[in-house]
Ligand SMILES: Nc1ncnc2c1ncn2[C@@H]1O[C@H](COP(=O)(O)OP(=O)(O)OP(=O)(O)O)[C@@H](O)[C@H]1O
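Below sits a lone chain in structure tokens, taken as the form predicted on its own.
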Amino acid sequence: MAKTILITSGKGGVGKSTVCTMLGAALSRQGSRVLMLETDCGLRNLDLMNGLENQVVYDLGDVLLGRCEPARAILKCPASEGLDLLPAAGSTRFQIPAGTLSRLISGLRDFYDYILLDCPAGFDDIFDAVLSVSDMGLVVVTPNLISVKDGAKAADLMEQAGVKEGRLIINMVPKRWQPTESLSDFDAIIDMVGLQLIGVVPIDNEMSENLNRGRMGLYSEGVEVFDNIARRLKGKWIPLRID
């Protein structure tokens, strides 16, 4: 029975899709069956990151509108065994009805160990629909005050919706991050968002370049970081590196 994990932030540009792809790959490398379900309608990019941009025929919109069965829209990611993708609808006008999304998730739970829900920026109806089917939330922020404040709002909305299990990922951290008066250290970010930290991801230009070219499977520094995040999600104790 799959655990559904919302990946959100509130603010765009913090690397949610990167987190979804890299975490999905890490979980699958560790033997889990993983589905990445992309909900950023009209702005999908998980197909590109996973080298599948030329293979999309059907998408989430087609499935929810009853145009095809889920199996016809779900793509197998070539870089990692056990990792699948259901790409977002191609139209920005498409709205995800909570009821149909819930029925889809219910029908897919038995086939996966994890369903990662890549959520768009903002707190609109799509966010509410995805939130309603989530067992857990991962809030992604960067060490930037605006991003952290938006992450805190996302965490509050998760709690109000009954998603009690939440974790924080601090992403895109410069190797020589300079603290500010508002964000004096990582503890300040954790306190502001109000969630337990599960991972600190440094800026990794090599990883970003690989993803932009659809070569997610290549090794980079970030691969090890996400392997450890995946292990923590599975309940293993892995020391956090925050230097």
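Given the structure is predicted, the values throughout are model-derived calculations rather than measurements. So that there is no doubt, residue numbering starts at 1 and follows the sequence shown.
Just so you know, the form predicted together with this ligand exists too; it's not on screen, but the next bit is about it.
- Using a 4.5 angstroms limit between non-hydrogen atoms, Asp59 is distant from this ligand in the predicted bound form.
- This ligand is not drawn, but in the predicted bound form it has no heavy atom within 4.5 Å of Ser184.
- Put simply, Met49 is close to this ligand in the predicted bound form: some heavy atom of it is within 4.5 Å.
- Not displayed here, this ligand is kept clear of Gln30 by more than 4.5 Å at the level of heavy atoms in the predicted bound form.
- Note that among 64-72, 170-178, 190-198, 50-58, the stretch whose heavy atoms approach this ligand to within 4.5 Å in the predicted bound form is 170-178.
- Contact with this ligand in the predicted bound form, defined as a heavy atom within 4.5 Å, is made by none of Gly90, Thr92 and Gln95.
- For the options Ala161, Leu104, Leu145, Ala121, the one in contact with this ligand in the predicted bound form, meaning a heavy atom within 4.5 Å, is Ala121.
- Shown here without this ligand, the chain has Val201, Pro202, Ile203, Asp204 in 186-204 lying with a heavy atom within 4.5 Å of that partner in the predicted bound form.
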